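The chain below stands alone, shown as structure tokens; this is the form predicted on its own.
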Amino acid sequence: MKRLLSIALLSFAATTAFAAADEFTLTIKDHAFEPKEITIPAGKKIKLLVVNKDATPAEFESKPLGREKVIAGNSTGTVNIGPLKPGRYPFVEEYHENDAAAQGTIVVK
């Protein structure tokens, strides 16, 4: 019984570690992205968690990626990306896209 429990715990730990490696977090606060640049691996699907710490809605948009997601105030949205070829893929917080702080880049290597 102990052996079965140990195998189950190891499998869960391996699955959790794999999921964490494929998730990246982008935060919006005061309509600014943090970090402004994220590097992700080429040829892999990733999950981008966009955490909006502002009280108002925000919109993650990337025309090169073909992604658009409205995130309610004080909540988190998920944007699935990839697999992508190496390159630079800009994104904006559409409601404030003319502010430099509301612009960023996903770098794929």
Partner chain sequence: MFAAALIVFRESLEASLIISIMAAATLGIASRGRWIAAGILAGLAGAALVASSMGLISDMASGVGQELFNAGILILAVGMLAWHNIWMSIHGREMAAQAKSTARAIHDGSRERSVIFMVVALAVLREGSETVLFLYGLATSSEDGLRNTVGGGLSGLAAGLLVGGLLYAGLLRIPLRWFFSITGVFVLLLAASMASQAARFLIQADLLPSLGAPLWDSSGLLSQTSAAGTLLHGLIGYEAQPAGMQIVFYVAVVLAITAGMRWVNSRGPVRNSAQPA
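What you are looking at is a predicted structure, and each value in this text was computed from that prediction instead of being measured. Numbering follows the first chain given and starts at 1.
The same protein has a further form, the form predicted together with the partner chain, not shown here; the description that follows concerns it.
Just to confirm, A42 within 4.5 Å of the partner chain in the model of the complex by heavy atoms? Flag for A42 set to no.
Hey, in the model of the complex, is I38 touching the partner chain, heavy atoms inside 4.5 Å? Residue-level check for I38: no, no contact with the partner chain.
Answer with yes or no whether Y95 is in contact with the partner chain in the model of the complex, where contact means some heavy atom within 4.5 Å. Within the cut-off, so yes.
Find out whether any non-hydrogen atom of L49 is located within 4.5 angstroms of the partner chain in the model of the complex, and reply yes or no. No - in the model of the complex, heavy atoms of L49 and the partner chain never come within 4.5 Å of each other.
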